[in-house]
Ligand SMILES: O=C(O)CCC(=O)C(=O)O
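Before any questions on binding or motion, here is one chain by itself as structure tokens, the form predicted alone.
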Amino acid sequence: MDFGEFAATEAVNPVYRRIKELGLESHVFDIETYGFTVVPPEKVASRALFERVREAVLRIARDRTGVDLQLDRNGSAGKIETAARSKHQFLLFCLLTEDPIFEEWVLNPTFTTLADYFMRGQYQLSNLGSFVKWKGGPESLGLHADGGTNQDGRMPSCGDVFNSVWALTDYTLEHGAIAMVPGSHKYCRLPVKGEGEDVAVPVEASEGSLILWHGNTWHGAYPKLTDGLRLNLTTYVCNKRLKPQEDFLANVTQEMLDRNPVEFAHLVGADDWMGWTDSQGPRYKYTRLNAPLGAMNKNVY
């Protein structure tokens, strides 16, 4: 019997095979059981790619803040103004078009395979950013879930979103690691104030590791107790029926689509035929895409 070849599961067979080829079975089990996982560096990307991404994030952070940020020094938001600015961190938004290295990253096989599995083949990029954090932080863990709720306050069990952090520096409790409440993705609701903090655990991971979690998982962050920066790359996806946080199509160019495989166009929503503005009605917005309308629907599972 060949698992991954059943005719009745044609849509899910390819991602099943990729999971096995990449050795990600235990990480699927982690997320199914506990709501999160940590993929070690050797399963994520080469050290060369890691170094290029980290340097790109640091360069952008320096340009936007006007501060000479260094990994071994505490940071400052400088001139940057974002909704996530505080005394101990800031968030870099809209990174995809800042450097072609990020185009390479969002097509990373480990990330896309797990996103594909947990989003049932119906995912698009919602946000690509970076939290730059240094010594300090609030007393509360700020536990929350990324997914939205229905009118009755419930979340769908399959999850509408899927999130990840590529640790560009070591993540430890003292370094301000992410806090997770194991198993909370099965509650299918948001936490009330203070709920879950007594059973939360720090997600400790060496630099280069990829931390991924179900959209329903309650998570937050511990304060950073040490000097130096805690740096990451956050890659967040949502179901194709939802509106992404970032309007990628406002900035993605035809040149970017042309130099990448068609999967990149799907990822940034360039295959979305809704929102027509002329008498031709539904059509793809970019000439890079010539698949028939509704072609992506076959990937639902």
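Remember, predicted model here, so these are calculated numbers, not experimental data. The first residue of the shown sequence is 1; numbering continues from there.
The form predicted together with the named molecule is left out here; the points below concern that form.
The named molecule in the model of the complex reached by all of 131, 146 and 221, non-hydrogen atom within 4.5 Å: Answer is yes for this spot.
Contact residue in the model of the complex, from 65, 239, 234, 260 (heavy atom within 4.5 Å of the named molecule): Of 65, 239, 234, 260, the residue with a heavy atom within 4.5 Å of the named molecule in the model of the complex is 234.
Interface residue in the model of the complex among 178, 125, 210, 114, criterion: non-hydrogen atom within 4.5 angstroms of the named molecule: Contact check passes for 178.
Non-hydrogen atom contact residue 216 with the named molecule in the model of the complex at 4.5 angstroms: Looking in the model of the complex, residue contacts with the named molecule do not include residue 216, since no heavy atom lies within 4.5 Å.
Close approach of residue 184 to the named molecule in the model of the complex, 4.5 Å, heavy atom: Looking in the model of the complex, residue contacts with the named molecule do not include residue 184, since no heavy atom lies within 4.5 Å.
Candidate stretches 69-77, 226-234, 116-124, 95-103, one within 4.5 Å of the named molecule in the model of the complex by heavy atom: Of the options, only 226-234 has residues within 4.5 Å of the partner.
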